[in-house]
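Laid out below as structure tokens are two forms of one and the same protein chain, each shown alone and named structure 1 and structure 2.
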Structure 1
């Protein structure tokens, strides 16, 4: 009797164990196989993205360049290329690889999701700018076209991502983003940044550290073969030419330039009333909403009232109420003297 009971218990435990390991959709083995399949699909999609980027920049896409971008062996890269060829998404021309029309459509679908997700992170979350690309790289392989369309609708169908790159439409069309390289701006001319190249990440990090972002207004002061020097938001910036070539701008006509100097609320003396002219487009997501919820919008009259012992934060009179703002916030609020104050 006891041996029969033990046998039944052992059989039950065996069935539970087998179910835990092999249960369709939830067992260890099916989940491992699914993860392996998704990883393989992500690699194929990364190859298509790379091929499109090469096509866009008019450089050769090769098995070697794919191996480099995926940080894998030439053999693995060659296998991925062979699979994409069999799927009708990639074709060879000697050593060069080109997307087919179906491959281009697929690549644009992935790029659309990536750039929409970066726009979402910038506008709707407090995720650090340095992490946008990494998070979007993950989501681009998970969201369906229907999910992407829903996200686009939620964001009011933006045309560009936070870096100024055009977001493909649901039908695969690429909005035209006007602009020329920062290095083409003449001395004395005003420009507005419309695009910052976000790859490689190391170069992008340097540009962000200099305070550059799409929407930034600047004036070219000096242009030399090896560097450019310009003013932006009250600061002079010196960029080596290779870095400056990663930034695109549009020329701002005189009548459309920001009024007054590049003054921020941080520099205003205590007791001096000013009027908000703009909030920096670098101020995004929850930070931007908090500032606007405090009533700080273009046209608002603001007066610095009280300094803390360290000077940060500082108290400002806004619409009859004292509010505390930190320097990193007031650095992004542009102002001009209140014309109604002598």
Structure 2
């Protein structure tokens, strides 16, 4: 009697345990299988992305370069290539690999999600710039095309990611970004930064630290074989040629040039009225919207009124309202003296 009871309990526990391990969708084994499948899909997608990138930069895509990018063995990489070939996404041409048209549109879909996600992180969240790329690398394999379209709609269909790379449209179109390398800008010419290469991350971080961002207006002062010197937002920047090669610019026609001098709102002394000339493009998304919602747009008269204990934040009189702003924001607002008062 007693041993039967124990047996029943043991059998019941066994059934529960088996359910825990094998339950479809929720059990440990199905989850592990799913995770493995997703990981291998992520690898395949990374290969397609790399192949597209090679095509874009007109360099050869090989099994070796794939192994390098994925940090895996040559054998593994060639296995992945064989699978992609059998799926009709990749073609072999000698040692070089090419995307088929199906492969290209698949790759563009992944790139679209990646860049949209970076845009989302930059505009809508407070995730640090250094983490954008890493988070997007993970997210690009998880979002469905429908989710991506919904996200794009929410962000009001942005055209470029925060590094200036164009975001492919839902139909897989991607424009050729106009522009040339910063090192090709002639002395005295005005250019606007359209793209900053985000890989390798260390170099990208250096460029960001120098204050470069897509949309920045600059004027070339001096161009030498080993460095370039240019003026941006009232400051002179010196960049070694390898770094400058990571930056693309377009020429700015005379009439669209922003007027200098570039004094920031932070530097204005208390009680002195100034007029906003521009808001830096480095101020993006929500932050930019909030500043503009307060009525701070080019042409607005602003007067610093009140200093706090440390001088940060300061309160400014904008359109009859007193608004407190931190230095981090006023550093991004460019002004000129108010002609009507001075």
Partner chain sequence: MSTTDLKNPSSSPTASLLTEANALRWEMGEEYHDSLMEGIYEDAARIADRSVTRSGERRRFNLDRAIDHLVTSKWTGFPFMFLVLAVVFWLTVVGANVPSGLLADLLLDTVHPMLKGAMQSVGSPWWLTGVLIDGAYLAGAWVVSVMLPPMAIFFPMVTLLEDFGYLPRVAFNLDALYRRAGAHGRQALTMTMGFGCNAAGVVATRIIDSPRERLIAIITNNFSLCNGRWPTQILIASIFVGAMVPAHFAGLVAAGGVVVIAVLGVALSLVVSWSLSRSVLRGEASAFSLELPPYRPPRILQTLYTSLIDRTIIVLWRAVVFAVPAGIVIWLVGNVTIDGVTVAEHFVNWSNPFGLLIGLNGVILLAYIIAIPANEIVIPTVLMLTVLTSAINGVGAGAGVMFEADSTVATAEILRGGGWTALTGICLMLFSLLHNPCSTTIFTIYKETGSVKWTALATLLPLGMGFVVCFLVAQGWRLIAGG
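In this text, all values refer to a predicted model and were calculated from it rather than measured experimentally. Only the largest set of C-alpha atoms that superpose within 1.5 Å between the two forms is called the rigid core. Numbering follows the first chain given and starts at 1.
- By the stated condition, namely the form predicted together with its partner chain, the second structure is the one that fits.
- Residue 224: CA moves less than 2 Å between structure 1 and structure 2 after rigid-core fitting.
- In a rigid-core overlay of the protein, residue 269 has its C-alpha displaced by at least 2 Å between structure 1 and structure 2.
- After superposition on the rigid core, the Cα atom of residue 315 is displaced by 2 Å or more between structure 1 and structure 2.
- Taking the rigid core as reference, the CA displacement of residue 286 between structure 1 and structure 2 comes to 4.9 Å.
- CA movement of residue 330 between structure 1 and structure 2 equals 2.6 Å, with the two forms superposed on the rigid core.
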